[in-house]
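Shown next as structure tokens: one chain only, the form predicted on its own.
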């Protein structure tokens, strides 16, 4: 799979140019090109060990690139210490001083910089107000909940009014309801103060909820950059398509019929037209992929419902029904939002696949097969 993912803009606030970090023979960050605009909330999304945190550490100055450059607000970051970059970082594990009250934790970095007491008090009050921490200022860290402690960690980062805020999975240790609540608070706060932010996560729902744009990472490479909608609806590679989406995208082994603009797959006896925008010159053996919501369901055999299968089991999610349908050797995931359709396990159903929203990916490289005309 190629690492052809560039994100260019005319006057970027943050620019990474072929950023690379190797450890002995392991490439942790592999030639990343990325441009961020001022005030943007950008999310790096990918599995554990893909290089997300290493990228943040390089931007923060906590690690040194093997090669490549970092420019922030027009300034070359090479050789600058973390303190001189005015970049703040919030880690997965909150780092609060247990022997200091919350107000002292918030103001500690400013005291170390020699900021006057009056200004520190004003900034502590302002930050506590933003994060809803006013009633907690006199408490000790051990008296806080996990969410409150993470708010304080975020407040410590904001106290210095950073040029760039880096968030390294700060919500992953919280339970689901608290994670959702704090996710909303972080996004509201970021919109209010306009701090350019990079948020690292392996949680696709978190990425979709927070990011103005998302960057998909795998094995040190930045594979795709775009808005949540762009990446979900137009994945440029198999990894992006499979990593984003719940339930996961359906993958069907298929064969492109040369010079016929047609596709043969195991979902129907006859061939079907190639998806719109797909090329028939990208190789014969492919994956045909479509989202669970891009299959309509009927309980009757009628055109154009030309794919049939047996319902293995049903998941009632309240706002939607999820079906798992056995079609020969393929097991399909289908999302139903049609209120009139009632389906039970063991029932035969008939599907209409939206070929205009079906993608083709090369089996050997994972690259999406796209016509030059699209």
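Numbering follows the first chain given and starts at 1. Quantities reported herein were computed from a predicted structural model and do not represent experimental measurements.
Absent from the display: the form predicted in complex with adenosine-5'-triphosphate. The rest refers to it.
Although the partner is absent here, residue 185 is not a contact residue: none of its heavy atoms lies within 4.5 angstroms of adenosine-5'-triphosphate in the model of the complex.
Contact check for residue 39: no non-hydrogen atom falls within 4.5 Å of adenosine-5'-triphosphate in the model of the complex. Within 4.5 Å of any heavy atom of adenosine-5'-triphosphate in the model of the complex lies no heavy atom of residue 330.
Put simply, residue 26 is close to adenosine-5'-triphosphate in the model of the complex: some heavy atom of it is within 4.5 Å. None of 303 to 311, 48 to 56, 342 to 350, 319 to 327 except one has non-hydrogen atoms within 4.5 angstroms of adenosine-5'-triphosphate in the model of the complex; the exception is 48 to 56. This chain lacks the partner; the member of 169, 104, 255, 203 within 4.5 angstroms of adenosine-5'-triphosphate in the model of the complex by a non-hydrogen atom is 169.
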